[in-house]
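The chain below stands alone, shown as structure tokens; this is the form predicted on its own.
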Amino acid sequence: MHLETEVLVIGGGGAGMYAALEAARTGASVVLADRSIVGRGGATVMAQMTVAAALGEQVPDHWEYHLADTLAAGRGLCDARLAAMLCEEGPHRIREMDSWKVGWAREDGHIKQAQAPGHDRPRCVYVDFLSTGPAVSRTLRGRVNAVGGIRRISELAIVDIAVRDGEACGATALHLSTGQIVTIGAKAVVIATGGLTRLYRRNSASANMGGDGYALALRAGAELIDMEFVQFFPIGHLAPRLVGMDPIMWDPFRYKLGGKLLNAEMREFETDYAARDTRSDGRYVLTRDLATYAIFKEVEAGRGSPAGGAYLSFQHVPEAEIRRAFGPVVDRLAANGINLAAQPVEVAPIAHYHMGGVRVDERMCTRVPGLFACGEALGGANGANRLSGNAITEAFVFGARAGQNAAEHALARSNGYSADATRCTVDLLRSASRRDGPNTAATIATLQALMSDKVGPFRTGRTLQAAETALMEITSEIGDRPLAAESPCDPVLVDWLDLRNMLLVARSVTAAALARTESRGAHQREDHPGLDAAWEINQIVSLESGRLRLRRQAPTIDRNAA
């Protein structure tokens, strides 16, 4: 099957839906494709947290204060142009979502704003502490459904970006439920596929966030930036068993009720590590990288909880106050055998977000003309560590920017698609008949264990070198011809295509982490502790003649730079 459109948006999460909306409002026809279900996959729909924006509804605020906090969390590596755009345009997008009836929580007639880690004042809006992401996704789905010119296609996995004469001109895809090959001609392509946390054994991501967009960008000729910086959410649920609830649900209740992190001695330990953050005054303001460090160090010292994490306790909070704060969640926890007034839960770091991604300019355009990126798929805005609450904000802001600029690019051009641009990938998919390779599902599990154990939140040169060797061995094992079960809905072929992407992205993360011989933000080298001023640089990854290449450049510190 062949489709034609002016703008192809790859990924139907928050950023992708916003990009599609803005492209359609600009006047372009849009195909919005997602490998799961449009509006119900990706990270946004899973988010239970808050959204950062300097609205100044309850306390005086300005976007430049938000920017200062964002840059501080980024440890000197933020692209100031992107960070400033995020902070300056964030309030407009929050108010736009408000006009679309998303349902931001209010107090005394004002949009309510909560304090979150790393912010200098209450700045983060929410719907409620467990439903912000679902409410955002539902609102955007409704807008997408109501706007003409957007064709939504679910269960469509993009395999490769089509490039003709150096310019993006469409894509080749696989319809997952039928096995049908689909080619798409487009005058502009937007990558909105989210991050890479599926690379790790314990993660908070949906199953389709294995770094697809990064691999698509690399193979199309674009560059990646800051790939070594993987953010681990410090208090992902560990024990007792929790069924039907998000493992990262604890953070808003922790800072709302003053939940305490305790070690095996039932002693609070966070302030032992607060001195590592010069902005900390002993309150709960440790950024996520520092909180992750604190828990890992307590476990390493033999003071961890039985399941290998730390305790999170609300036992000092009156039971009635817990119920007021948690509402019906208390009953859902009780169904899991958890009584917060009587027992702590165990928590531990979990792969949650990726600061790196596709390198773009202020128009969200890559170095490949016609190829754009937005949301978590792009890198540079967050530097070495993302400030809490910025993820959904960047989905709104960068999604809208990418959609508008992609539409303007598309409307100024004639269709450059040619069947020659998709022929190699079509031939690759048609050749899918091998059955002599490894078990692909088991190989994905092996890859996830490898990344968790060797390229996790704390690394050494030895573990990273071991990971590089193992990744190359796995790459050789799966080969360059697709494995398949030769059925219309072929999970073996899908796993092979996922491994093709995941391995390329895992190698990018590992190479960048091995090269950066310091500890900064979410990248912690146990053999190179502490910041090194010489490493206040970004690392850029490209794919040249099938080989990964690294180069370095100074961060863009002038937010007004062209």
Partner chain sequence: MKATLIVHRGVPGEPERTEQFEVAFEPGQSVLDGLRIVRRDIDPTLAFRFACINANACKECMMLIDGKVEYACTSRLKEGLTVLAPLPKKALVRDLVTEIVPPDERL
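Here the structure is a predicted model, which means the values were calculated and not measured. Numbering follows the first chain given and starts at 1.
From this point on, the text means the form predicted in complex with its partner chain, which you will not see here.
Novice: Taking the shortest heavy atom distance, is residue 40 within 4.5 Å of its partner chain in the predicted bound form?
Specialist: Result yes; residue 40 sits at the interface with its partner chain in the predicted bound form.
Novice: Using 4.5 Å between non-hydrogen atoms, is residue 486 touching its partner chain in the predicted bound form?
Specialist: So residue 486 counts as contacting its partner chain.
Novice: Against its partner chain in the predicted bound form, would residue 46 count as a contact residue? Criterion: heavy atoms within 4.5 Å.
Specialist: It does: once its partner chain is placed as it appears in the predicted bound form, residue 46 has a heavy atom within 4.5 Å of it.
Novice: Can any non-hydrogen atom of residue 245 be found within 4.5 angstroms of its partner chain in the predicted bound form?
Specialist: Residue 245: yes, in contact with its partner chain in the predicted bound form.
Novice: Please state whether every one of the three residues 93, 410 and 540 places a non-hydrogen atom within 4.5 angstroms of its partner chain in the predicted bound form.
Specialist: None of them does, since no heavy atom lies within 4.5 Å of the partner.
Novice: Though its partner chain is not shown, can you say which of 335, 449, 424, 147 has a heavy atom within 4.5 Å of it in the predicted bound form?
Specialist: None of the other options qualify; the answer is 335.
Novice: Quick one: from 105, 341, 301, 442, grab the residue that has a heavy atom within 4.5 Å of its partner chain in the predicted bound form.
Specialist: Here the answer is residue option 442.
Novice: Looking at 452-460, 227-235, 180-188, 106-114, which lies within 4.5 angstroms of its partner chain in the predicted bound form, counting heavy atoms?
Specialist: Only one stretch passes the 4.5 Å heavy-atom test: 180-188.
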